[in-house]
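As structure tokens, one chain now follows by itself in the form predicted alone.
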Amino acid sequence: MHTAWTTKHKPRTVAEVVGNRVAIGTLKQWLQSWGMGVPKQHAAFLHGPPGVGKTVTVEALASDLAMELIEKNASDYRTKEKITQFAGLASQYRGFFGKERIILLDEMDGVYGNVDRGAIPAITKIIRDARCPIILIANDFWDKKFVSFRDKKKYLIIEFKKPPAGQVLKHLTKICVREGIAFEEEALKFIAQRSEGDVRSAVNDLQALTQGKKQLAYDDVSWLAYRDRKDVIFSVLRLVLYGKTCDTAKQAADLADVDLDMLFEWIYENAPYHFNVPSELKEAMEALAIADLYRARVRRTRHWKLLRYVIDFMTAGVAMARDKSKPSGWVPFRFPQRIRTLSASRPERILKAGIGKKIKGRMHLSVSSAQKDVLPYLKVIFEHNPLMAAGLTCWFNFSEEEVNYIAGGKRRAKEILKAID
């Protein structure tokens, strides 16, 4: 059974949390102050971008301070009645065995709209009467719905920031050591820098890139520079592959913030691993095949109205194929191999394009015709006739790298370049 590394290697103590030492120290002092009575600030509001350690910090502090943690997603308790039922009573008593208690309401961003009318006032009332520390967590503290929590006299407001790449690198290094993975430091540096401070995202990337391997080289990760990397892509895939309704699955196209071709590749790559009933996988792949047909027609005819069918089949069509498929254990999402292959060959394609442009300039052909019709003949000449190849090199003004490519190796290229001298 697979285990997500974000869970397997989650920090268990504050010392293991990546970055935000000042923020963590402030929160720890506030929690300890409850031992001397109820402070003026009854609640702490932690905010900052996803993946920077807000929730894991609270969990680690509860462990370090031997406090009982009662943790819920606020988005699951959106009404006044549910909030009061859960947090109201819990905030008035100690935990089991006399332990001090912390109440954590995570994902406050999910409390929104008319459905949640009364939830925010209920939370503020519970905080006012609380006899134990209450911690709220959200990404966007400046959302207008949180205006009532901005009074610093009543609430301890703590911002969590993105940790620098160096600290993320240390965390990835520790994980590789624990997993017995030999790595090139440049590879881990690349992942850390690409994560832009999102530790959770960096760990997910590391796990995906080392699936089934015990070594990680820079070449294994460099292709990431050529893919559209969006933090929400895994959440989008869950909407498509595990969506309960057509509307839920179709929302993925709006949330993905990557082009439809890239989203198609992500879904195509991962569908076979998340459907374990053959007949349902067949339906999902047929939906993708139909989406691909419409996609090709859009490219050919520029009839953009057909995109609605591409989106419907590649999202809702795939989601509705699921009935009984329930993969055992955690199944990691995989980066699209077709995109990875194209990215790996990108330097060669750039080199060929440069050669094609030089041929075009001399022979007045399109770059495509130059690559398809002329380059194969040049390769034969460069492999068997160094003298003629030397003349062509001068005429086309090929660089040494281009000569190496056309000749098929440095040994033949050396003969050609020597003939020019």
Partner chain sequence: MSFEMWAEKYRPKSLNQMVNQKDIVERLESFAKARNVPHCIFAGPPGTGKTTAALCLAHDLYGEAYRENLMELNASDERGINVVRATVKTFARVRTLGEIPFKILILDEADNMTGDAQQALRRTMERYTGTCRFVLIANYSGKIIEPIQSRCAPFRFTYLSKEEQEVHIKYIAEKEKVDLTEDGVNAIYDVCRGDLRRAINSLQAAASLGKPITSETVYAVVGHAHPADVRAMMKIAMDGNFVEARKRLREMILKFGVAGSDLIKQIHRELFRLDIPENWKINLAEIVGDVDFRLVEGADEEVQLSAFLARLTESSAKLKGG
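Keep in mind that this is a model prediction, so the values were computed, not measured. Residue numbers count along the first chain shown, from 1. If you superpose the two forms and keep the largest set of C-alpha atoms that fall within 1.5 Å, you have the rigid core.
The protein also exists as the form predicted together with the partner chain; that form is not presented, and the subsequent description refers to it.
Q: Mark A66 yes when one of its heavy atoms lies within 4.5 Å of a heavy atom of the partner chain in the model of the complex, and no otherwise.
A: Although the partner chain is absent here, A66 would stay clear of it in the model of the complex, with no heavy atoms inside 4.5 Å.
Q) Might M363 be said to contact the partner chain in the model of the complex, defining contact as any heavy atom within 4.5 Å? A) Judged by the heavy-atom cut-off of 4.5 Å, M363 is in contact with the partner chain in the model of the complex.
Q) D292 near the partner chain in the model of the complex, any heavy atom under 4.5 Å? A) D292: yes, in contact with the partner chain in the model of the complex.
Q. Using 4.5 Å between non-hydrogen atoms, is G354 touching the partner chain in the model of the complex?
A. Close contact is absent here: in the model of the complex, G354 is far from the partner chain, nothing within 4.5 Å, heavy atoms only.
Q: Work out which of the listed stretches, 162-170, 141-149, 279-287, 176-184, brings a heavy atom within 4.5 angstroms of the partner chain in the model of the complex.
A: Comparing against the partner chain in the model of the complex, the contact stretch is 279-287.
Q. Which one, S33, Q41, T26, N385, lies within 4.5 Å of the partner chain in the model of the complex by heavy atoms?
A. Contact with the partner chain in the model of the complex is made by N385 alone.
**Q.** Among the candidates P347, P327, P272, P121, the residue which, in the model of the complex, approaches the partner chain to within 4.5 Å (heavy atoms)
**A.** None of the other options qualify; the answer is P272.
Q: Would you give me the residues of 379-396 that have any heavy atom within 4.5 Å of the partner chain in the model of the complex, in order from first to last?
A: Sequence-ordered list: V380, I381, E383, H384, N385, L387, M388, G391, L392, W395, F396.
Q. Rigid core fitted, is the C-alpha displacement of S148 between this form and the one not shown 2 Å or more?
A. Comparing the forms between this form and the one not shown, which are aligned on their rigid core, S148 does not shift its C-alpha by 2 Å or more.
Q) Would you say G35 moves its Cα by 2 Å or more between this form and the one not shown, aligning on the core? A) No, the C-alpha moves less than 2 Å.
Q | Rigid core fit then N276 CA moved by 2 Å or more between this form and the one not shown | A | After core superposition, the displacement of the N276 C-alpha between this form and the one not shown reaches the 2 Å mark, so yes.
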